[in-house]
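Heads up, the chain shows up twice below as structure tokens, two forms, tagged structure 1 and structure 2.
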Structure 1
């Protein structure tokens, strides 16, 4: 559980970047954090991870105020996955790479082995345990990044634009793994993304930032109802949402939509 109470933040002596944000993310939720470039998404998530601390206001992780903590203290509660996996690759095998976190926490070798294997499995990397991390494909490296965060068994995962630059198949692949984590292990997912389709398809709840202000906090269904004008926040309705609204068919995917549309057309004829 992550909770922000009246949080304000600015970098150095610059303009305020986060303005008086209050929100609460419960265990097991799948939240999309949305907003235009520079709206403060990354900054808010960095606040959650204690990478930066608020100017005023408080942040609670699992009920504890994190103002005196540093990221390493939170690593077993919240996993943070960065955009560029290359900048953290350290070891010569995928297994060792994922084991870095548990090793820092000084877990026993058996516990390390167990947790690493579980993390690799959760991201579909179990066959690559002995591979050299730098030679993995881009998508695999991204999943490696998630596995590395998962290895500490966090209750929450924060993912900052990790589907950027991946092909559709690899994107779906990644999102399916994340959905499985959310459904089966009840891991809270906070997904920062510019991809409205992904947000609509996978997230239950959406939080929208606009110039550092929280302007929307509700279900993705409500946000993407096909008619709400999202331009002022720098967002757009996904095409599927517009179609769904126009044809009064609720469907998560294109295939689903086509099927239901055919049924409907058939019925009318």
Structure 2
């Protein structure tokens, strides 16, 4: 569980970035953290991970105030994948990069090997274990960041724009795997994204920030009902949401929509 209570934050005594935000993310949720560029969503996620600390208010992880903690203190609870994957690369091989966290936890080499191989396989990087991480493509580096977080077996994953740089197949594979982790292992997923289709299809709940203010906290079904005007928050309605509302069909994907539309038309005949 991650909770923010009346949190305010500003960088270097400048303009406020986070304004009096209160919210709670329970264990096992799949949450999309949304907002326009500069809305404060990445800053809020960094507060959740103790990468920065509030100017006022409190952040709690599993009921404990993290005001005096550092990211390393939370690594076994919260995994964080940066928007820029190069910021996380520390080692000279893909295997060593993913093994870095487990080795810091002083796990046995057998356990490290098992966890690293499982994480690499999940992200489709098992054939690149010996590669130099900085020579990977941008999309591969993103998947490497996710693999490194997965290797620590955290209870919560915070993922900042991880589908950027992925082709459609890679994107689907990654999101399907995260959904599986969420459903089968009840790992909490906090997904920062500008992809409204991804948010609508996978997340059950959305938290929307606008200029540092929390303006929406509810179900993605309510957010993407095809009726609500999201432009004032710098968001757009997914095409599928608009079509689903127009035809009164609940469908997360194009395939589901076409199938249900055909069934509906067939039934009316």
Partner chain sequence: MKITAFTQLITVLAVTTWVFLLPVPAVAIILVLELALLLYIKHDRLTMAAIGALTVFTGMMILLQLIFGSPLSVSLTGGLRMFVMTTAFLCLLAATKIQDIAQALVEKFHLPCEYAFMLTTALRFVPDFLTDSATTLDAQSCRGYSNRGNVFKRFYSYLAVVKPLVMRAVAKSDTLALSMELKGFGANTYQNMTPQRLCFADYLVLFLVMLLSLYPLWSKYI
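It should be emphasised that the depicted structure is a prediction, and the values quoted were computed from it without experimental measurement. Numbering follows the first chain given and starts at 1. The term rigid core refers to the maximal set of C-alpha atoms that superpose within 1.5 Å between the two forms.
One of the two isolated chains is the form predicted alone, namely structure 2. Rigid-part membership between the two structures differs between residue 164 and residue 144 [C-alpha given to the better-fitting superposition]. Annotation: rigid-body hinge motion between the two structures, rotation of the minor part against the major part equal to 18 degrees.
Taking the core as the reference frame, the CA atom of residue 93 shifts 4.2 angstrom between the two structures.
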